[in-house]
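Just the one chain here, laid out as structure tokens, in the form predicted alone.
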């Protein structure tokens, strides 16, 4: 049983909600103004405040911060008959967990209440995965204890002091630039510049000038002499990301720079020397590009004097906890938030997910969750839909099914029915014994990603219009 405080000047609405929550076993108090609600401080300790926006005297929006301060353990749901973007934004910024429009849909309200109570009761109490004094929150810091990452760390240590050219391979989002920066920091000239070039981001006509520089008058628009990336990286490291995108002409000039340690800026007559260490990275198979005649074989071998391959995240899931811990520490610091805990169900979703975007995808998911989290626990509803839409994500917990929370049982059953019917909403509703609007709300509530191959259910639209 939980304690609610309903704040609304509409007596009938207060009475209806009070009876609704009491039938569910909750203790529900009412107040008909913000002042009356604040006067209840000390007499009741609500876990949830349901607050109307427009009331005589002080509005619910104006009073929300003070109500949150008066009842520090309470979560808040704002309700209003006047739905607009600005009011919604203000409500969420002032501490509301959710925002519901009148006339109230009781199923929508129940879902919002259940979500808020999970935070209030610590039902999704989570595991503490980060803290304010965590030392691993540096953006350039690499973490992981898997065997694959230990090999990467060892290779970085051996390669860094050698000065040899390094080729870093791996899928997009695996952290190739982090490896390059780690080699630079542990290398012979850590105080020198680290200059990064995205070889796919520059047009061909500008890439040579950007790499090697140009003299004044070298081409139309060259009104002054400009140093290129090779010159800027002297006494440091030049990182060539997506090196596979270089044209044959640039490949030839890069090969000369690697072999002879010199380059010629556009429009210049004399070559310039360079001691910049070159580290290249690619997410494609360069050996295949060589066989296809797209990439020079001699440059390929010159680049991969030392090769470091970064495994995809799906092959080193034992590193997930370390990654989440380090990323949360940094994200909380950068966003000035205090979201230190993660629901165990979220970790199960992470374990079951395939991570096509690798570590970058994990970071983006955590950033979104922290930004939208109303408390200090990341729950599944804050994740992108595709991350928790597989049975494996639901069933991989350690507890037997008989000990699952009701929401997990419901979520798994609904997903199983949808998959068994080929995502045909009509047949799924018949099996579940619910309406299509109710099924749509469940799909949205549990974050199911509707597959592109879902069965065509054209009669659903007509039925929805009548519902």
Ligand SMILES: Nc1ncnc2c1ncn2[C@@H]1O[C@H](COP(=O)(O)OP(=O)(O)OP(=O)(O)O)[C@@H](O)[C@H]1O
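Values in this document were obtained by computation on a predicted structure and should not be read as measured data. Numbering follows the first chain given and starts at 1.
Omitted from view is the form predicted together with this ligand, to which the following refers.
With this ligand omitted here, the record of contacts in the predicted complex names 143-151 of 291-299, 230-238, 187-195, 143-151, defined by a heavy atom within 4.5 Å. In the predicted complex, this ligand stays beyond 4.5 Å of every heavy atom belonging to residue 256. Although the partner is absent here, residue 277 is not a contact residue: none of its heavy atoms lies within 4.5 angstroms of this ligand in the predicted complex. When this ligand is considered in the predicted complex, residue 178 lines it closely, a heavy atom lying within 4.5 Å. Using a 4.5 angstroms limit between non-hydrogen atoms, residue 102 is distant from this ligand in the predicted complex. 171 is the sole member of 325, 171, 208, 98 with a non-hydrogen atom lying within 4.5 angstroms of this ligand in the predicted complex. Contact annotation: of the candidates 283, 90, 307, 162, the single residue with a non-hydrogen atom within 4.5 angstroms of this ligand in the predicted complex is 283. Of the residues in 355-384, those that come within 4.5 Å of this ligand in the predicted complex through at least one heavy atom are, in sequence order, 359, 360, 363.
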